[in-house]
Ligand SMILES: Cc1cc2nc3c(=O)[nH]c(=O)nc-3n(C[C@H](O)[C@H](O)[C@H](O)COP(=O)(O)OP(=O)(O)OC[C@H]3O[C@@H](n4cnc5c(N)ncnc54)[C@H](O)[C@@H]3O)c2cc1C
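Quick setup: one chain, the form predicted on its own, written in structure tokens, and binding and motion questions come after.
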Amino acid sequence: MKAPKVVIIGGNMAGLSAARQLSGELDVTLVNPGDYCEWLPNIHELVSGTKEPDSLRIPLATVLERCGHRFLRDSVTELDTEQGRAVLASGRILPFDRCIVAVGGVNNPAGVPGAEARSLPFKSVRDAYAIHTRLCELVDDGERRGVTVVGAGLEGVEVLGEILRGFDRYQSLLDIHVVEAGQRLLPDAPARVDKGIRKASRPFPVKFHTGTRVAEVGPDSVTLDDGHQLDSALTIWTGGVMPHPRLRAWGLAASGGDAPVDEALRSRYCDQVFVVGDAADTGQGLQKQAYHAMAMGEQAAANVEAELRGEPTKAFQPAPKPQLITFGHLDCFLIFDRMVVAGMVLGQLKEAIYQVNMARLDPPSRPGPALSFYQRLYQGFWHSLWPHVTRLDTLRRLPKLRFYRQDGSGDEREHA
């Protein structure tokens, strides 16, 4: 009897987590246009040079081979859900009994003229490293230049923090602008985070433009919707993501939205297909975060196996987890609903989460992964911990945590 065929489209954190969960007794093929899974929660550290690109990449072929699965570097151009087959760009056809779609989202230029052609996106390791390279070119020129970060959500704030970390000695050469459509930075977070970021930014040449939008991105400028023009030799676009266009083309979504799924993460348009990660609309209002994506991948894989065995599936139950926001070497914020804990020492928590999850996805059980693991540990210590224990001013601040709670009226109080 032939093993059931499972095709996974996308080798991101959701797709790789699904593949690692699936039994080696199944015929599993993962298709991805690149060779690596990328740990996206830490790509902002590439902007400052704190991390190197390879430290955030996991080789898909190596991990999948250990799981007894197959990896194809290719793209799926057509998903025939009626016939149960995926057509690849190479012309190859992969039949499947079940399919897991983990294509993520794509950069959203929001229809702004010049945004796609003249700004650098922030969605991948390559994107983040390109920003670092461009910043290095600007400061090497020796002339004062403008840098604009569009969007002050999680990505924009963490990018700003890394610019201030990696290029603080070039303050005389940079004028940094942050543009946010909302009335405050990180509009979905408690107001305390906005206040903390602004306070930490005061010693630096940073100007915040909130409650306004970008009307146009020019070759060396950004024009705001009020007509104000900012000099901008580098424009970094962190203005959000939009659903992958192939979700609609494959019949998994309508009107260009994310793919709606049921409680088991099964597509509402096709029973053979499960959708996970940023591509899925669970109806639960989940933030597009790595821990949700990984948990969704694992749950979808477990449900695929249950269905193939004729057993009932289980509902995906997202675990409530706090949000951790790092602001370079200046501050860090841990958000529990209305409670905010702030302090530099929390940055080491994000480093620990990174180390644990990279080792989880690529276990150091063989020489290659083990070497990568120890290189990541060394680099994490050298860049994240060593600077704090060798400078008196940062040592004095390390133990200090601040606690804030927002009451029902929106007022915030500091707790000891």
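Note that residue numbering begins at 1 and tracks the sequence as displayed. These figures come from a predicted structure and were not determined experimentally.
The same protein also has a form predicted in complex with this ligand, omitted here; what follows describes it.
Contact assignment for this ligand in the predicted bound form, among Thr212, Ser221, Ser75, Thr133, heavy atom within 4.5 Å:
Flagged contact: Ser75.
The single option of Lys314, Arg338, Lys288, Lys195 touching this ligand in the predicted bound form, heavy atom within 4.5 Å:
Answer to the contact question: Lys288.
Partner proximity in the predicted bound form: Pro41 to this ligand, non-hydrogen atom cutoff 4.5 Å
Pro41: yes, in contact with this ligand in the predicted bound form.
Using heavy atoms and a 4.5 Å limit, would one call Val31 a contact residue for this ligand in the predicted bound form?
Yes - in the predicted bound form, heavy atoms of Val31 and this ligand come within 4.5 Å of each other.
I'd like to check something about Val273: if you look in the predicted bound form, is any of its heavy atoms closer than or equal to 4.5 Å to a heavy atom of this ligand?
Contact with this ligand, no.
Would Phe333 count as touching this ligand in the predicted bound form under a 4.5 Å heavy atom rule?
Because no heavy atom of Phe333 falls inside 4.5 Å of this ligand in the predicted bound form, the answer is no.
Of the listed stretches (142-150, 261-269, 103-111, 178-186), which one has a non-hydrogen atom within 4.5 Å of this ligand in the predicted bound form?
The contacting stretch here is 103-111.
For the stretch 8-36, return the residues whose heavy atoms include at least one within 4.5 Å of this ligand in the predicted bound form, in the order they occur.
The stretch 8-36, when checked against this ligand in the predicted bound form, contributes Ile9, Gly10, Gly11, Asn12, Met13, Ala14, Gly15, Val31, Asn32, Pro33 at the 4.5 Å heavy-atom cut-off.
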